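Next comes just one chain, in structure tokens: the form predicted alone.
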Amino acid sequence: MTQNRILIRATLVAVSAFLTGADSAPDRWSQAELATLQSLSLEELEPIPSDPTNAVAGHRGAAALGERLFFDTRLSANSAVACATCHQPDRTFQDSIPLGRGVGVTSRRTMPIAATAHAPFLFWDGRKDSQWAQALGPLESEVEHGGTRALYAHAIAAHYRAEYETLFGPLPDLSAVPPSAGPLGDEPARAAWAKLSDTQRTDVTRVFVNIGKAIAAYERRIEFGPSRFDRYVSVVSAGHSGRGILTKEEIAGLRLFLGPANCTQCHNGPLFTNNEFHNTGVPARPGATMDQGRLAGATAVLRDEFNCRSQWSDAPRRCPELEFMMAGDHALGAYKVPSLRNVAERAPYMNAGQLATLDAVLDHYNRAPAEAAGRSELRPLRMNARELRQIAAFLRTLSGPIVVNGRMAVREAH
């Protein structure tokens, strides 16, 4: 058992011991239901998986550098955008607006990043297959950070040379590399990139990739802390009543969540997600262009310059996630299932912030309207208003702290 899991267990047991004195009558859960409850507890979360494609994933020095880079607005075209601009620690590492805003406006909702080290694919469409590859995407996006590989390499040389070279070895000679050059920049930046030699392009890209790997070393330490739901599971698993932790309304919502609403079909495990992609008939934003969702993302990750099979991986391999990935027509309009942990703190919802409130989300699932693209997997739940309120009440019990390296995340974006 890892140190974090030991800490979670000790915390939950201590709270359980304090609370069980008030009401020792056990709640009525069958053995099968208790097993399901326990499977959803954060205490059951497996240790953070290793990432052989990132040699510094577990390195404390890399995480320290990655944290500084995460908050550094100099890693953008206008020196005003950092990773933390959208992934704000005081907002559970997201931004609470429908569409992410960097140097421009994106076409999708900012996804939270806590516990994403457990996910095989990143972004709403799964177009990246590692945290470090994911970190590189926004840096070159014209509407997010808006910069180029050369810009970032020069920033490392100017501000982080010692830390970088301790981790990755000597920086290349960048004296002949223009301030802005890259394969995805504007026309002048692309022209400058084309004029560089193969060796220069490789050197600059290696620095760029290592920026992503350092940021990933930090991000993989961002995790969920125990919620009231976790404390409840600890208590009822010990044979005691948890009514001092959850209300009757919340417990009723939990029963609906596990049973008639069938929410655990997709929202299962300690992170309340199966990490897969589903079409749930979410309407498109008015005026938005067609978004293919996973159908486009599956194609993109196979072709990605930085996927786990690429030359930039520290352990190029067959990558079973890519080898056995399903990417047929069923993927049209499908999006990644987000974790429900802290879901009540993350309005608005869905891939482009189409639904403003948690109640609106539950109403959508209850009605199962016709899909905007592809084929929706939803069927009407036909819950009444009271049952929907109960499910919403339960979902709010999943709110808990965000922890970084075992400590609450308190650093604010700047």
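Keep in mind that this is a model prediction, so the values were computed, not measured. One rule holds for the numbers: they count along the sequence shown, beginning at 1.
Keep in mind that the form predicted together with a small molecule is not shown, yet the notes after this line are about it.
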| query | finding |
| --- | --- |
| 123, 139 and 263 all contacting the small molecule in the predicted complex, non-hydrogen atom within 4.5 Å | yes |
| Option from 224-232, 293-301, 93-101, 192-200 whose residues, in the predicted complex, bring a heavy atom within 4.5 Å of the small molecule | 93-101 |
| Contact residue in the predicted complex, chosen from 373, 48, 381, 56 - any heavy atom within 4.5 Å of the small molecule | 381 |
| Position in contact with the small molecule when the complex is considered in the predicted complex, options 308, 86, 151, 217, heavy atoms within 4.5 Å | 86 |
| Exercise: residue 351 in contact with the small molecule in the predicted complex, heavy atom 4.5 Å | yes |
| Non-hydrogen atom contact residue 112 with the small molecule in the predicted complex at 4.5 angstroms | yes |
| Contact test in the predicted complex: residue 118 vs the small molecule, heavy atoms, 4.5 Å | no |
| The small molecule contact at residue 134 in the predicted complex, heavy atom, 4.5 Å | yes |
